[in-house]
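Here's a solo chain for you in structure tokens, the form predicted alone.
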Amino acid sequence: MSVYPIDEMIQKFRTLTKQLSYYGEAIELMAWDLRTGAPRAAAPARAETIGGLSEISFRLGNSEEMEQCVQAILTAPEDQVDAVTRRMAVQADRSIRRSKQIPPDQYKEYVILTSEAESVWEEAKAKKDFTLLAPYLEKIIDTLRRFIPIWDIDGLAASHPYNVLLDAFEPGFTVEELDRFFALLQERLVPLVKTIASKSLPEQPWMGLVVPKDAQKTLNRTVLQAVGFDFERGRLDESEHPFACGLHNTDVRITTKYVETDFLNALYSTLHECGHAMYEQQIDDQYMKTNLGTGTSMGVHESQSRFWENAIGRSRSFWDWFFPIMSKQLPDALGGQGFEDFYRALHRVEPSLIRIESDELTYSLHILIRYRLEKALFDGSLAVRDLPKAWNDAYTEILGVTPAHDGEGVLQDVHWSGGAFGYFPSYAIGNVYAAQLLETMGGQIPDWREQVSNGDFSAIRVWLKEHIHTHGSAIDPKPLMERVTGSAFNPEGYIQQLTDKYSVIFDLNR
């Protein structure tokens, strides 16, 4: 027990936490630069710098001084510690108990490994050659397997080692729940996809038409400004794989990838990342430079990106507003297609190879495939060298399409090269959460569709801020969702929303 007064321990804890935020901000900024504009030759040196700073941060976060402060706060009487500091200490305690047994030099090596691997991934994807990345993935997975028993402070690995990785991104979920969830998706969505795909597919005449990058940038900026992305607190750049980078609520950066022959690809990628960014931008100032100043889980984070991308961005109301604007800014982009044909074609359902280009209905099936492959990699039933074939076989079985090369197959996502095993399920969880939020918001803002049709997104943005964003990670994901929507996790509602929406668009009830 600490011999120092609790007020002194709280002050010391707050100071240490702020110091950690300084390192985190520097590391995040270097990582953003590495993926957006740093010279390719700089990658190894930058990876070493990121690794060195990460080691210092790791040592500080797991120091004896930090642990003493945390324990003093957690054991102090309720009336001596404010709620925010206590929550910060709970989060710090969990981090310490997960990480303190990992030697700092091993953690540094792992950070350097993943930083280098992300650069190698870009080269491997460009060359469509998985063998370039495979040695790095083997090292990453071997390292994570060594870390899992150390991270497993709750005994989650007893039923499956993957539970420990999943818990880092999505607390409260296990493979048992996700197995049931993904089985339900396969059972209910695959037949629906086949039914719609059996109909005559609407034409998308904009595909293949060249829309210059500068014109797309103007269009995307119009959307960002309308929905409420704060350019005083953020910026938009380019990268090979779109991502969001939140340094703190006054500096949130997003990227997109422009495809000149498919301008809607960048539009929806930008809206997706904007959802992440507005979450971070609207976190309450009291959490800035603390360990509560970010989203509560990746599932909740993905709910925000999928909400803006799909629930809003693919709604008829959104296009009632935006179609005339888009037609004016890009008069030749649609190949002469009118609104009704465009809106139906926008929702064309067609099993495809690329996750970030997939339609709203098949998207979660792409996640199902990744989830099952990740589980197999960590239970020992799948070797890294066999990953391309396993990937291709899964796509053939579940979506009925087969990659022609690794670039459109196993190499299409950056996540594994960064060590983010356990992340992918968050996308599908986020889809469910987004559906729950849409239903709840609809009951509280019954005229939201009319507002969006008029280009007014302010009520939606304020509602999300009040119910989700402002809390940062002060509330765990399932309790947060239950408090806001009345249900911790409801995949039935998500599936029903999709079924209802696409039944109307494609007249399935006739």
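Numbers follow the displayed sequence, beginning with 1. None of these values were measured; they are calculated from a predicted model. C-alpha atoms forming the largest set that superposes within 1.5 Å between two forms make up the rigid core.
Missing here is the form predicted in complex with a further copy of the same chain; even so, the following discussion is about that form.
Participant: Name the stretch, out of 480-488, 440-448, 22-30, 466-474, where some heavy atom lies within 4.5 Å of a further copy of the same chain in the predicted complex.
Facilitator: After filtering at 4.5 Å, what remains is 22-30.
Participant: Quick one: does G52 come within 4.5 Å of a further copy of the same chain in the predicted complex, counting heavy atoms only?
Facilitator: Result yes; G52 sits at the interface with a further copy of the same chain in the predicted complex.
Participant: Is the gap between G234 and a further copy of the same chain in the predicted complex 4.5 Å or less for some heavy atom pair?
Facilitator: It does: once a further copy of the same chain is placed as it appears in the predicted complex, G234 has a heavy atom within 4.5 Å of it.
Participant: Even though the partner isn't displayed, in the predicted complex is E48 close enough to a further copy of the same chain, meaning a heavy atom within 4.5 Å?
Facilitator: Yes - in the predicted complex, heavy atoms of E48 and a further copy of the same chain come within 4.5 Å of each other.
Participant: I'd like to check something about A459: if you look in the predicted complex, is any of its heavy atoms closer than or equal to 4.5 Å to a heavy atom of a further copy of the same chain?
Facilitator: Flag for A459 set to no.
Participant: Of R316, K139, R348, K289, which one comes within 4.5 Å of a further copy of the same chain in the predicted complex, counting heavy atoms only?
Facilitator: Contact check passes for K289.
Participant: To verify the annotation, which of these, S159, Q101, T250, T261, has a non-hydrogen atom within 4.5 Å of a further copy of the same chain in the predicted complex?
Facilitator: Flagged contact: T250.
Participant: Mind checking whether each of K194, P202 and V223 has a heavy atom within 4.5 Å of a further copy of the same chain in the predicted complex?
Facilitator: Not a single listed residue reaches a further copy of the same chain in the predicted complex, so no.
Participant: Core-aligned, does K108 move its Cα 2 Å or more between this form and the one not shown?
Facilitator: It does, since the K108 C-alpha is displaced 2 Å or more between this form and the one not shown after the core fit.
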